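Before any questions on binding or motion, here is one chain by itself as structure tokens, the form predicted on its own.
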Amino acid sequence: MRKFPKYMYVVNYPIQEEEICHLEMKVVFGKELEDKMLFSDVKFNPSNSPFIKTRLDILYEKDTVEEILEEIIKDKTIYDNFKLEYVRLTNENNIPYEERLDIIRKLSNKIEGCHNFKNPEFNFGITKIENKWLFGIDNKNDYKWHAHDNKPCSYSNSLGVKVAKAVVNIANSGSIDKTIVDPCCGVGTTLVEALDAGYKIEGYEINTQIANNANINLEFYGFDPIVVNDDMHNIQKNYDSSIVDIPYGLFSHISADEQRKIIETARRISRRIVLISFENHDLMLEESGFKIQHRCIVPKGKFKRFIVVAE
């Protein structure tokens, strides 16, 4: 099968997570999300994002369904246990259900191999956008990461799994070649998501019991217990980026001076920072030598989390 360097991503999010979804797409793909979809030459695993529903690897782009059908007939490859679905976009880009069903039947009957609508091993997708028909390989988000909601050790003020997944993608722009550090990693929520996505990350935690709990969580999901029980100010290595869910006054007795020192150390050990807090730390970031690149707000109950990306 031919391989095309062109992908269509279909995205969805609840309204309260709209800002972080848009930020994740902008940082990973370098473009703004429009109508909950985008096209890119960047190949990204949908299951590494909490917001990407599917990635369509476009094989054929035609003006009519009949032209798509002609291309399918030419392909003599046998696809056993396949399923073809219509990839639904926004309401403006959808077509009536009966018409979609008819198209699926027509095309499926011409694909060489055996259909398997209940447990397919291979998925095709077709959709229509801007009067163009797109047909390709449909790579769905497997949502297996929902299992990370049930950690053996957790705290009420920890990042949620969805936010943590987005944050690790934002930290390294989706690149598996860049290094990340979480110097105040708590129970390891971001570590689990980063390791699950195949990223290079290290974690430090000053509290011995919490560090132990973080390693318990990592081992529970099959990862090595990599959390180092140490003060972040002792870190001598350098990383491409740091993720700092900074201790804040709501849950921790920490002074502004201590917060400033955390940001200054993050500046020393990393080129980029993703700072997460319930307070505005723009001045501290700028005084530490960071230049703010992006920002968003994620509501958490009655509070708001500020997420700032700076370099």
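Residue indices: 1-based, along the sequence shown. Keep in mind it's a predicted model, so treat the numbers as computed, not measured.
Quick note: we don't show the form predicted together with a small molecule, though the next part is all about it.
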Which residue, S175, N207, N94, N109, has a heavy atom that falls within 4.5 Å of the small molecule in the model of the complex? N207
In this chain shown alone, the residue from N141, S158, T179, N212 with a heavy atom within 4.5 Å of the small molecule in the model of the complex is S158
Using a 4.5 angstroms cut-off on non-hydrogen atoms, would G186 count as touching the small molecule in the model of the complex? yes
Does any heavy atom of L38 come within 4.5 Å of a heavy atom of the small molecule in the model of the complex? no
Using heavy atoms and a 4.5 Å limit, would one call H233 a contact residue for the small molecule in the model of the complex? yes
Taking heavy atoms and a 4.5 Å cut-off, does P247 contact the small molecule in the model of the complex? yes
Exactly one stretch in 133-141, 96-104, 219-227, 187-195 has heavy atoms within 4.5 Å of the small molecule in the model of the complex; which is it? 187-195
